[in-house]
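In the form predicted alone, a lone chain appears below as structure tokens.
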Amino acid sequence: MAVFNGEHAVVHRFATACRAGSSGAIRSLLAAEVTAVSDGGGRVPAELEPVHGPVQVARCLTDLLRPEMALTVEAVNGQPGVVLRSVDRVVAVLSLKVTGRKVSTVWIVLNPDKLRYWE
């Protein structure tokens, strides 16, 4: 369980960095080989190809974040993840793979059809 607790702490730090909208803070929590994969389902704008590297992934995340969004850490596929909500709906669900003390993979679900299960 110690690994899970460590992962949970990393996810909470990641959510805090996202709440602050700090690209530098987000980058500091990303592994050198980090990859982000987005799914917009063709209904909302999303990266069409995986994004690699801390700078590019942090930019992808900060482009997604808005000051009015609420971020919560919730169980996503049985692991701690981040849910982004606007005033009246879920905007994105981030599933994270943590390796050591860094986030190594970010899966971003933006597809409204998939997000309706979160509302």
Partner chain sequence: MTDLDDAVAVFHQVRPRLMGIAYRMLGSHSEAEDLVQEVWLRWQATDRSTVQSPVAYLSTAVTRLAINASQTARARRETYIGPWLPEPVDTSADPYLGAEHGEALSFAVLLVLERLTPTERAAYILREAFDYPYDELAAMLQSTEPAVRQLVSRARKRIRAERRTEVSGTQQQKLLTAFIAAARAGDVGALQELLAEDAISYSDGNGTRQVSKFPVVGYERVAKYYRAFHQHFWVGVEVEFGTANGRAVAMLRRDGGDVFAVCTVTVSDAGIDEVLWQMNPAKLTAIA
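Positions refer to the first chain, counted from 1. Keep in mind it's a predicted model, so treat the numbers as computed, not measured.
One more form of this protein should be noted, the form predicted together with its partner chain, which is absent from this view; the next part is about it.
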property: Residue 53 within 4.5 Å of its partner chain in the predicted bound form, heavy atoms; result: no
property: Proximity of residue 76 to its partner chain in the predicted bound form, heavy atoms at 4.5 Å; result: yes
property: Residue contact check: residue 32 to its partner chain in the predicted bound form, 4.5 Å heavy atom; result: no
property: Its partner chain contact in the predicted bound form: residue 70, any heavy atom under 4.5 Å; result: no
property: Within 4.5 Å of its partner chain in the predicted bound form: residues from 81 to 98 (heavy atom criterion); result: 93, 95, 97
